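Given next, in structure tokens, is a single chain: the form predicted on its own.
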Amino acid sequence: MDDWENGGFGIYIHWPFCAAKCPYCDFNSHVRKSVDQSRWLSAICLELKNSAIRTRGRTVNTIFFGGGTPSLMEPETVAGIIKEIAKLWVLALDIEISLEANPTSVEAQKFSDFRKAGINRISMGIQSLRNDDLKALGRMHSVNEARKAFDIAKDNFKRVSFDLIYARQDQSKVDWEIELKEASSMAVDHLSLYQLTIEDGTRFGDLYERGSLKGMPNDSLAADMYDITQEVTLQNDMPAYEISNHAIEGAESRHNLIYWRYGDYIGVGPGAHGRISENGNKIATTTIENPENWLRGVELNGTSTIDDEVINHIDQASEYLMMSLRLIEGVDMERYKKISGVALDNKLIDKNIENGLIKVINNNLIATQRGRIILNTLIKDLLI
């Protein structure tokens, strides 16, 4: 068995367009007055054909429409992409096909047509259940609009997830606990709960640099909010299976698990990244970020890939550890050794066990709750 089969094979479609740019967002997203969706459908299908040549004979486990705001796509565009994928690969009988959606009334009206197009899982960017905070986050929906959109999603899909951001400006522990309990009472089977992070190059990043982003929590308060998140979701039978993701048993995002279990995935669309096992090598793929340049590149060359990088075995093992240590199941240390050719350092493992940051169960290296809070530091230490 090739190593990627431990994680599976998925396809990621990046739709780069948004109605507005949120001040905290550092994703490759762009605001355009109009988009020629027919032209974009043709280009995406062209790039899919090029990718299929490199992955012949595979079964697609998952498809994920991310962005940007994929719910701004026309359902016919989504249907055309899914139809093309079904021509080029075999689709798993239980394939998961997810689409990220904003909970505005206009986009919610498309949910029935998205279901008919082939989508079977919706991930909604609600972000907050407080109107003042939605405004501060630059969101274009109200709480009432989000709740109505969520109800429409539940009527159309068996699997519905939504996102919330915590550790927001002037948010207290009590505020977050109350809001999270509200969210848990709404939830179907999955919640993604992210701590607000300030990224360079964003509006919030610029304000933070100037000292104008007021009310941000300190590290201690943010850590307490993380602990509250674990407690409340566990009480509601939706424990963490990954640092920021919570689900009832069996409802985990199978597409994201492909990333975290270090499977293979194709990235199609502006700025999309991929990992493909090919001719005994693990290849990192990258595409052109600017939407118009991406579109012209695909139409001229059939692909927008700008960089194919062979990842050496040590770096593969490092990537596997960085991704899988995010999961509650942890790192299979035997698999790590097979990938890298070198086992993890037992002295470093023992030190971090003594510090209460990791544990070993059935030869799986697992970060404790305390370790997950400082995961980046922990990973650096283990990879020295």
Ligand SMILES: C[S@@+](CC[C@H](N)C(=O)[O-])C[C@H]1O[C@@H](n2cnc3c(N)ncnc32)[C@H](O)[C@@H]1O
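Just so you know, these numbers come straight off a predicted model, no measurement behind them. Residue indices: 1-based, along the sequence shown.
The same protein also has a form predicted together with the ligand, omitted here; what follows describes it.
In summary, the region of this chain contacting the ligand in the predicted complex, judged by heavy atoms within 4.5 Å and restricted to 274-282, 291-299, 187-195, 173-181, corresponds to 187-195. With a 4.5 Å cutoff on heavy atoms, Thr69 counts as touching the ligand in the predicted complex. Contact check for Asp163: a heavy atom falls within 4.5 Å of the ligand in the predicted complex. Residue contact check for Met73: none of its heavy atoms lie within 4.5 Å of the ligand in the predicted complex. Contact annotation for Tyr24: at least one heavy atom lies within 4.5 Å of the ligand in the predicted complex. The contact with the ligand in the predicted complex, taken as any heavy atom within 4.5 Å, belongs to Asn102 out of Asn245, Ser98, Ser304, Asn102. In terms of contact with the ligand in the predicted complex, the residue from Lys110, Arg261, Arg139, Arg159 that brings a heavy atom within 4.5 Å is Arg139. Along 112-144, these residues reach a heavy atom to within 4.5 Å of the ligand in the predicted complex: Gly125, Gln127, Arg139.
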